[in-house]
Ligand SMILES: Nc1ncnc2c1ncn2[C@@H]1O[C@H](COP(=O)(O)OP(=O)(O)OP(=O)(O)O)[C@@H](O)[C@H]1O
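Only one chain is given next, in structure tokens, and it is the form predicted alone.
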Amino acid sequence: MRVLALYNIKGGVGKTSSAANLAYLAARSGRRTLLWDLDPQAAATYIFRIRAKVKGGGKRLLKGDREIESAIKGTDYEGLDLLPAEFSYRKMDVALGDMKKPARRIAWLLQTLEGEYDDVFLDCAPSISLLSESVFVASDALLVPTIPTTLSLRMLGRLDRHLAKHRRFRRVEVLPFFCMVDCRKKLHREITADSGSRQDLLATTIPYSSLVEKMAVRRAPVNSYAGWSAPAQAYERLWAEIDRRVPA
């Protein structure tokens, strides 16, 4: 089972839209797919028309008092399930702080799903926390959507330094990609053109588009309603690149 986390310390960089579209494309390709919405804002949960409610809240789920399978919901798309978020997820760090080996908690929960899914996508909140560190341990790869701006690159560098400090995070592969790229902006053009220093940078870039913003209006992945569009085609290329880069 392959675990792919959409993560960035910085918010507003396209994590949820990328998680929703990549999970949709994985399921469409025939892979049994789960998207776990770990952000208390529950944007991915909203997009897939699932009620943002987990009985007993995030704490009960983390403790194992409720089986993770019982919280999973089906979506409108064959092969794609969703584990919804809710506002109580904002307290997951507090719950993890009271547990033994908190960094292993997400991995332990996902182990119970081994054999049920081929791919698990984690849509993460923008933070460095006990929860995010548990995600680092559980994941095969961190997919890091990055806007081509100075501040976004600064946060990417901070993530690199944080991961390098801790041996337990060395297994996870970091795969950044440029997202929300607006070629009308000189800075965006310059940064995307001058990115050869990072060997881990994925080649595919996701363009800025109002069609992606409409995902919250249509409550569906952009690839499901505008597959002909530039961002949808870019997400297809991105998924093919990730699928090749991260062993299944």
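These numbers were taken from a predicted model, which means no experiment stands behind them. For every residue, the number given is its place in the sequence shown, counted from 1.
Same protein, other form: the form predicted in complex with this ligand, not shown, and the subject of what follows.
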{"item": "Proximity to this ligand in the predicted complex, single hit among I191, V54, M180, I50 (heavy atom within 4.5 Å)", "value": "M180"}
{"item": "Interface membership of E213, this ligand in the predicted complex, 4.5 Å heavy atom rule", "value": "yes"}
{"item": "Partner contact for I206 in the predicted complex: this ligand, 4.5 angstroms, heavy atom", "value": "yes"}
{"item": "Interface membership of A226, this ligand in the predicted complex, 4.5 Å heavy atom rule", "value": "no"}
{"item": "Touches this ligand in the predicted complex: V13 (any heavy atom, 4.5 Å)", "value": "yes"}
{"item": "In the predicted complex, residues of 222-248 near this ligand [heavy atom within 4.5 Å]", "value": "none"}
